[in-house]
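A lone chain, given as structure tokens: the form predicted alone.
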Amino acid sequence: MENLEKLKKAFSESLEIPPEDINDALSYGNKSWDSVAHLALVASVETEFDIMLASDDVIDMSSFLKAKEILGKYGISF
């Protein structure tokens, strides 16, 4: 599975939205992305990519685009 598909899977499962609704414009507060879903999303991303996000990165992950940028710091490319 490609990294983009893995990230979409993490978002889809955590936010309970179809993968086709996930794009760079998706941001915190849209759809079902609230504070509780954010914690589930962070856990899912960490599990999917076998990483541990820094606290600042958890806080900064405010959109799908930003999530891709943050994961780039961990050597994950899209």
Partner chain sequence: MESAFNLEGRIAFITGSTRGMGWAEAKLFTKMGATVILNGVHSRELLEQRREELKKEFNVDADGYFFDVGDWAAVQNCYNSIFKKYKRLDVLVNNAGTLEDNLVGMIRKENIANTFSTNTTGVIYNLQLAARLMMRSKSGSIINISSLVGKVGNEGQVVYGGSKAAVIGITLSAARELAPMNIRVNAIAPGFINTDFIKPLTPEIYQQRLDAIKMKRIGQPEDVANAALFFASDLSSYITGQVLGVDGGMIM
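Residue numbers count along the first chain shown, from 1. Quick caveat, the model's predicted, so the values are computed rather than measured.
What comes next is about the form predicted together with its partner chain, which does not appear here.
Shown alone here, residue 22 lies farther than 4.5 Å from its partner chain in the predicted complex, counting heavy atoms only. With a 4.5 Å cutoff on heavy atoms, residue 26 does not count as touching its partner chain in the predicted complex; it lies far away. Although the partner is absent here, residue 32 sits far enough away that none of its heavy atoms falls within 4.5 Å of its partner chain in the predicted complex. Not displayed here, its partner chain is approached by residue 58 to within 4.5 Å at the level of heavy atoms in the predicted complex.
If you take 42 to 71 and check each residue for a heavy atom within 4.5 Å of its partner chain in the predicted complex, you get 42, 43, 46, 47, 50, 51, 52, 53, 54, 55, 58, in sequence order.
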